[in-house]
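Taking the form predicted alone, here's one chain by itself in structure tokens.
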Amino acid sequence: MTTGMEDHIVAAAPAAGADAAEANPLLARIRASLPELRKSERAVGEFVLAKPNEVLNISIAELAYRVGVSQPTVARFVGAVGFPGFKDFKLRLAQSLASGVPYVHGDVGPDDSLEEVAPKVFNRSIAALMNVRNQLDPARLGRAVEVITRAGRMEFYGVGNSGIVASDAQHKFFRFGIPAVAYSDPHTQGMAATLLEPGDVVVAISASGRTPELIRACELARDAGAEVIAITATASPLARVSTVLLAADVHEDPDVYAPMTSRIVHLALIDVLSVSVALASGPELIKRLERTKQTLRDKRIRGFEE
């Protein structure tokens, strides 16, 4: 017997075709289990079959809302198809949907023509940017801007590809008149974090949010009294040690594919943050930026402005 939200189940979109399910063992398992599920749980399964890629990018609460059931119903569905929790289910679903060329790109296949490669790469990046844009929490962004505008010092931490994003961020923010540095070496991050003081800010960038050294550096920064803004996945260990989270939930396994899409999302979030800080800082910052821009103009060859 069901109650509450389960009494108002919204019909999911038509389930994916049998051919698609048979080509994917997990989707085939879900389809085969439908007759044995309760009506409410079956609705969850039909939604997953119809929109598996969307399920990868939403929380258990969002899935429950979109299907029209309770969160415990989603949890029961996950258990019925053989998984201990929603996170484990999403991970296995992501692995089952993964295609393309390992360590290169998830959407590009080995037999794709050059005419197909560019649209696939662009489309994945555009979709990821749209998804993160729609999920960006204005309150958290406002909190991050407030912390930065009061900061005495900013440090950007990232390892590997994220280290490149950290360097890009430092290049933007030092022009705001805030002492800013970027560190990509884990040992340096740890040492620098211990020297921070209350009022300082660390911006930690990571696609997975699972790099132990980076997490430890952020813990040291917090112990020193600094704020930690994390640009990373919502449920990651790095997110849990941060004081402000700017979620970057991107369907891209950095253990399998080169982190292309996540890097673009991180760069975009840095741009959002820098523009927001610039607007919050008022006219004086605009004058400072104008002076730095003039310095760049003086270094360019004249006569090619058109």
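Heads up, when I say rigid core I mean the largest set of C-alphas that superpose within 1.5 Å between the two forms. Numbers for residues come from their place in the sequence shown, where the first is 1. Worth saying up front: this structure is predicted, and the values here are computed from it rather than measured.
Although not depicted, the form predicted in complex with the DNA is the subject of the following passage.
- Just one listed stretch, out of 52 to 60, 262 to 270, 276 to 284, 243 to 251, contacts the DNA in the predicted bound form at the 4.5 Å heavy atom level, and that stretch is 52 to 60.
- Residue contact with the DNA in the predicted bound form: residue 133 places no heavy atom within 4.5 Å of it.
- Under a 4.5 angstroms non-hydrogen atom cutoff, the DNA in the predicted bound form has residue 90 among its neighbouring residues.
- Although the partner is absent here, residue 68 lies within 4.5 Å of the DNA in the predicted bound form, judged by heavy atoms.
- Although the partner is absent here, residue 86 lies within 4.5 Å of the DNA in the predicted bound form, judged by heavy atoms.
- A single residue from the set 73, 162, 232, 189 has any heavy atom within 4.5 angstroms of the DNA in the predicted bound form; that residue is 73.
- If you fit the rigid core between this form and the one not shown, you'll see the Cα of residue 189 move by less than 2 angstroms.
- Taking 2 Å as the criterion, residue 271 does not count as shifted between this form and the one not shown: its C-alpha moves by less than this amount when the rigid core is aligned.
- With the core held fixed between this form and the one not shown, residue 234 has its Cα displaced by under 2 Å.
- Three angstroms is the minimum change: in the predicted bound form, the CA atoms of residue 71 and residue 134 sit farther apart than in this structure, by 3 Å or more.
- In the predicted bound form, the Cα atoms of residue 117 and residue 90 sit 3 Å or more nearer to each other than they do here.
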